[in-house]
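Two forms of the same protein chain are encoded below as C-alpha cells; each is given separately, as structure 1 and structure 2.
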Structure 1
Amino acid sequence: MAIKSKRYQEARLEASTNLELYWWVFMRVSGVVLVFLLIGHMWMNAVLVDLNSIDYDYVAKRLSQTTWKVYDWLILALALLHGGNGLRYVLDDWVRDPAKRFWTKVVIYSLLAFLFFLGSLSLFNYDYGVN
C-alpha cells in the first residue's frame, strides 16, 4: 500500500478508504472458494444420498471425521463473512435511516456471530461418540 500523504489526517483518510477495497477483494476470493465447496457439499448430501435418509446418525457419522469438520467449518466461516458483508451492502442501500440502519446491523451481526459460535462448537467441541 502506497501512502503518500503529508499529514496524518490525510494518511488516515487514505488508509481507511482501503477497507472497502479489501472487502471487495474478499467477496471475490471467498466466492471462488465457496462455489467448489458448496457444489461439493450439496452433491454429497443431496445427490449421492437420499435427502430423507439424513438423520442424527448420518450427521454424527459425518461430523466425527476431521475432513468434513474442516470442510464444513470453511463453509461456515466463509459463507457467514461473505453473506454478512453482502447483507451490509444491501442494508446500506435499502435502509437509509441512520438509526434504523445501525440497529438492524447490530441485530444481524450479533445473530451471525452467535451462529458462527454455535456452528463451530458443533463441529469441534462436541464428540458425537461415534468412534
Structure 2
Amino acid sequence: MAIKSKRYQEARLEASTNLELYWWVFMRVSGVVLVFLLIGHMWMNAVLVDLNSIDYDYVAKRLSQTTWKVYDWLILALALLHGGNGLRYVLDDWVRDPAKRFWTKVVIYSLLAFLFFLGSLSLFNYDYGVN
C-alpha cells in the first residue's frame, strides 16, 4: 500500500518494506528534480529562443549534441519512473483483486518499458544529419 505520511520519520514507521520507503523518497526527490528540469527545458526553448524559429533544423542541431540528448533522456526517464510509480500507488489502492492488479501492472509496466525503449532509441540512435 502507498505511504500516506508527509514526513520521513512517519513514513519509516508506516512503510512495510525498505523498498516501499525508497520509492516514497524517490517520489519526493524526482518530483522536485522534474520541476527544475522542465522549467529549464521551457526556459531554454520558449524564453531564450523565439518560438517561431523552432523548426526541424533547430531541433536537429540541438539533439546532435550529447548534452541535450542526456538532458532530454533524464526528463524521459524520471517522468516515466515518477508516473509509473504514481500509477502503481493508484492501482494498489483501487484494484482490489490480486490477479487483476497483477495483470494490470504487467500491462502498465510493459507499456512504460516500451515507451522508455522507444524514447531512448529515438534520442540516441537517430542521425539528425547535422555536421
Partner chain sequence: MYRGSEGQWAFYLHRISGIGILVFLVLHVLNIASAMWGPEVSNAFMKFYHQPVFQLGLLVLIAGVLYHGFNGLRIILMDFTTWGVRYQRQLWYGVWVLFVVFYLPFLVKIGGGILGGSHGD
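We call the rigid core whatever largest set of C-alpha positions still superposes within 1.5 Å between the two forms. Keep in mind it's a predicted model, so treat the numbers as computed, not measured. Counting starts at 1 with the first residue of structure 1 and goes up one by one along its sequence.
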{"query": "Of structures 1 and 2, the one that is the form predicted together with the partner chain", "finding": "1"}
{"query": "Rigid core superposition, V49 Cα moves 2 angstroms or more between structure 1 and structure 2", "finding": "yes"}
{"query": "After fitting the core, I39 CA displacement of 2 Å or more between structure 1 and structure 2", "finding": "yes"}
